[in-house]
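Here's a solo chain for you in structure tokens, the form predicted on its own.
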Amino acid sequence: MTAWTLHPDRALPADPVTRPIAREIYEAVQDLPIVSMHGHVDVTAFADDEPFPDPAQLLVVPDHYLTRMLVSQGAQLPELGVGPVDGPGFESDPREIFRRFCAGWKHFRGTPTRYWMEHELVEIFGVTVRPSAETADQIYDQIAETLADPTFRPRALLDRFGIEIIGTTDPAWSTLDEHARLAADLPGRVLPTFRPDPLLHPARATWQGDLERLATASGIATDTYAGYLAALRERRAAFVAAGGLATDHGHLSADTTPLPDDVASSLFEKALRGSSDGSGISTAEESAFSAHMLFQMAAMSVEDGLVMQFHPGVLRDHDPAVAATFGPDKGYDIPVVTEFAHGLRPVLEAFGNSASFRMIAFTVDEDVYSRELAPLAGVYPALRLGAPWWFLDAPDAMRRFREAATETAGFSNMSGFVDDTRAFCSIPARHDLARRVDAGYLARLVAEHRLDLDEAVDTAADLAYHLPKLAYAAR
């Protein structure tokens, strides 16, 4: 049997005119350092720097892109090592979990998950046989042996992967203790990102408890609207002091309409009373309050310089029964139609021309790239257009993004690539794919005599490395 290898020109254009140009552009940027400014790798992995437990826990269980495909083909989350929130009742044998993944390998054909995973298996772990039911144990043993090597611990992999900076995503009430430890050992390398979403949606069941966590972390009482705002400001300041560069917001709507202070205060008090007496606030009131708080987060970004990452338009936990049993982020988040032109107008009217404000807007509704987001980013100095994200983090979707957005926004008004992953070992695979797709797009511009080759190489380096650093350096 021939050893499994990856074609060096994978994801580059197929036609013989642009492929050699794309290859030359890609080769000029393939080894640039990775700037991974937004993701969900747990900071404790770097702080503790313990060996990864096993191949299943590293590659399968935390990757909801992977598990959702297997679930769509009849697998159950517990069979894939995803346990209920209230205790046991799931597969605990990592080898069995890995076997189920390998047996379902064919279901990933044509998906970005297939591209990322084969890059990880071949390029990182040296696997030479394609996953299948028959090869699962062989692959598992090879990866497990590799993970036992000290050079494959999390901090060492930062160097192996060429990751210059990585951002984690942390709740507003995080103590940031792990980041303090890392600041001493890896200064400026692993940075916290402020994620206040649970605190901005008072209808959520966890809101009251999260307010108490905020009060404890900040040392400021959150039983009044003024105290609530002050506590959020204090925590933002703590993130800045810990090296944080950005906030992160994942609301359903892009609405950023502010409310009068007295109305916002009244809604806060109503929500607080409702948490104890069961009355609560209406859906419309909560939507208005969360939109108002997005405006407040933008205003605070003007004050403290944190870049505001905004990625609305996802209906979280589409199956409430799955969320109740297994918790959030299990693959049941579904994109919805999103409107940005009116939604972002309040924030952009107030701060869009400010040198002290930076927003990076992402979407999973690609219809709005050419109609709304590219024109907005192409005129407001404070706005950058984020990379294709989530379900659009795929070869053809990234090509469509370049074609839809570049002519209006240009390259300089974009964030560069942002991987947004929970799966640590997929980071180099995702950045590699983005560099290949960009090389292909730029090669077409060269072949059509719309760019010179040296300009294309320079632009590819911007997209891969320079633009992410610029986009997240608002302060």
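Only a predicted model underlies this, so the values are computations on that prediction, with no experimental measurement involved. The first residue of the shown sequence is 1; numbering continues from there.
Not pictured, yet referred to below: the form predicted in complex with a further copy of the same chain.
Stretch-level contact analysis of 63 to 71, 421 to 429, 37 to 45, 24 to 32 against a further copy of the same chain in the model of the complex, using heavy atoms and a 4.5 Å limit, identifies 63 to 71. The listed set 189, 270, 204, 371 contains one residue whose heavy atoms approach a further copy of the same chain in the model of the complex to within 4.5 Å, identified as 371. Though a further copy of the same chain is absent from this view, in the model of the complex it lies within 4.5 Å of a heavy atom of just one residue from 225, 115, 295, 125, which is 115.
Within 4.5 Å of some heavy atom of a further copy of the same chain in the model of the complex lies at least one heavy atom of residue 399.
Proximity of residue 52 to a further copy of the same chain in the model of the complex: non-hydrogen atoms within 4.5 Å are absent; the residue sits far from the partner. Residue 105 belongs to the set of residues with a heavy atom inside 4.5 Å of a further copy of the same chain in the model of the complex. In the model of the complex, a further copy of the same chain lies farther than 4.5 Å from every heavy atom of residue 159. Heavy atoms closer than or equal to 4.5 Å to a further copy of the same chain in the model of the complex belong, across 378 to 412, to the residues 378, 379, 380, 381, 384, 391, 392, 394, 395, 396, 397, 399, 400, 403, 404, 406, 407, 408, 409, 410, 411, 412, ordered by sequence position.
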